[in-house]
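One chain follows as structure tokens, the form predicted on its own.
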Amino acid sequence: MVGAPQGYYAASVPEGPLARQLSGDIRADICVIGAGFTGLSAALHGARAGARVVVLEAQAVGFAASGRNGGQIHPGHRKEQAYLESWLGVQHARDLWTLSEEARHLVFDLAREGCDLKRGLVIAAHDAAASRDLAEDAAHLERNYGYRELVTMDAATTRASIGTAAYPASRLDKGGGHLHPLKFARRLAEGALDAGATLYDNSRVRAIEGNVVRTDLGSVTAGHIVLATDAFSGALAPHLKPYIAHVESFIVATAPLSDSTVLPSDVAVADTRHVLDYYRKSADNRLLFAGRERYWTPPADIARLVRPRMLRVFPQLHDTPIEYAWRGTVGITRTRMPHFGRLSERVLFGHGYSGHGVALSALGGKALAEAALGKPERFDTLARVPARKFPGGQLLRKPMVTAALTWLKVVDAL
């Protein structure tokens, strides 16, 4: 499994169940396309509600972003609550906060066994302005939302917690945490199967025709269809392409650490740059470090790309070997908020968690299943967030997005 696309994650879990490919024509109440966090959560909650649920996955459970990501559980949304209040209005922002709180509690509940779940998340300020922003946001959340899980830390406390002098300040979020994402995907799949859902992998969907989902060897006729393919949703729904940008993110895993100065608090960490570093320790004491992004051709040597950023934060790891390196495609939206909606009366979609998908996707899947079963309240709250297309049209969209994201790298360096 060393060469698996999920890198260390695939190497640290047993082989998954043997593939069961869809063959023939079947019926379901809900057909879920995609066996990542969103799709598996939709299957789990739909099946628990008594629906006949079929999941179709092109590869295997957790093959894409859900089995490759940083495993960080972030409370809230990608945009601060004060910003959401000014953009969407106070009530809608409060409704979104309520969903985000439900999301993190849902993940902690679903991942409490067998997923290497740990508590604690630090947001590390990369400069003085970011330090002030973190403190102001913490005060706003405590004053207006009663959220008291945040602890502001100065440079000395940050260094003691993380093991680096790279940051002038940070903020500990005791409501956040981290987990093993591929184990979590497998856990969701097991729960869905136990609840009565049917899962077919190696069953790539080729087309959605009304309420019929077609693969190479079969079809599913369903009362409702849930499109849960995140960054790759545009392949089946061209209408969604302008709303999705693809960013390649890169992660390395070191050999097990003998240096106790690295992350002694065992929290997950993400910094405040636009093109951020994020990292944590695994259950077997490796540093999992993610940094850098690419928008065109991925590098041949991921470790060589990421190592300089890792050493900038932890120079004490200069002689520590990197044993695994892998990449994954992150689906981002222009608003950096999830994009939920309907392609038709029977077809629902959700994607674009923009780096906050570990918690929000589990809740998103639950909302999609509820909407398919006639209870759309959570789904409607998410779907009311206005979506914005990336500019440029079919030919210029990717170059323009690349230019904008490259400019953010320049801003980070100022």
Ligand SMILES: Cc1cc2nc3c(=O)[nH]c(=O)nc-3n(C[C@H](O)[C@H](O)[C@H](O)COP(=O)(O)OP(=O)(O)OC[C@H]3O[C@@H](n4cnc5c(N)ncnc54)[C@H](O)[C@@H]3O)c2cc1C
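All of these numbers come straight from a predicted model, not from anything done at the bench. We number the residues from 1 along the sequence you see.
The same protein has a further form, the form predicted in complex with the named molecule, not shown here; the description that follows concerns it.
Of the stretches 341-349, 22-30, 50-58, 374-382, only 50-58 has residues with a heavy atom within 4.5 Å of the named molecule in the predicted bound form. The named molecule in the predicted bound form is not approached by L363, whose heavy atoms all lie more than 4.5 angstroms from it. In the predicted bound form, the named molecule stays beyond 4.5 Å of every heavy atom belonging to T254. Taking the partner from elsewhere, S170 is found to have every heavy atom lying beyond 4.5 Å of the named molecule in the predicted bound form. When the named molecule is considered in the predicted bound form, T229 lines it closely, a heavy atom lying within 4.5 Å. In summary, among the residues V262, V330, A138, A325, the only one with a non-hydrogen atom within 4.5 Å of the named molecule in the predicted bound form is V330. With the partner omitted from this view, the residue of L84, L240, L182, V205 that lies near the named molecule in the predicted bound form is V205 [heavy atom within 4.5 Å]. The candidate spot formed by A43, A192 and T221 is out of contact with the named molecule in the predicted bound form: none of the three has a heavy atom within 4.5 Å.
If you take 71-90 and check each residue for a heavy atom within 4.5 Å of the named molecule in the predicted bound form, you get G71, Q72, H74, in sequence order.
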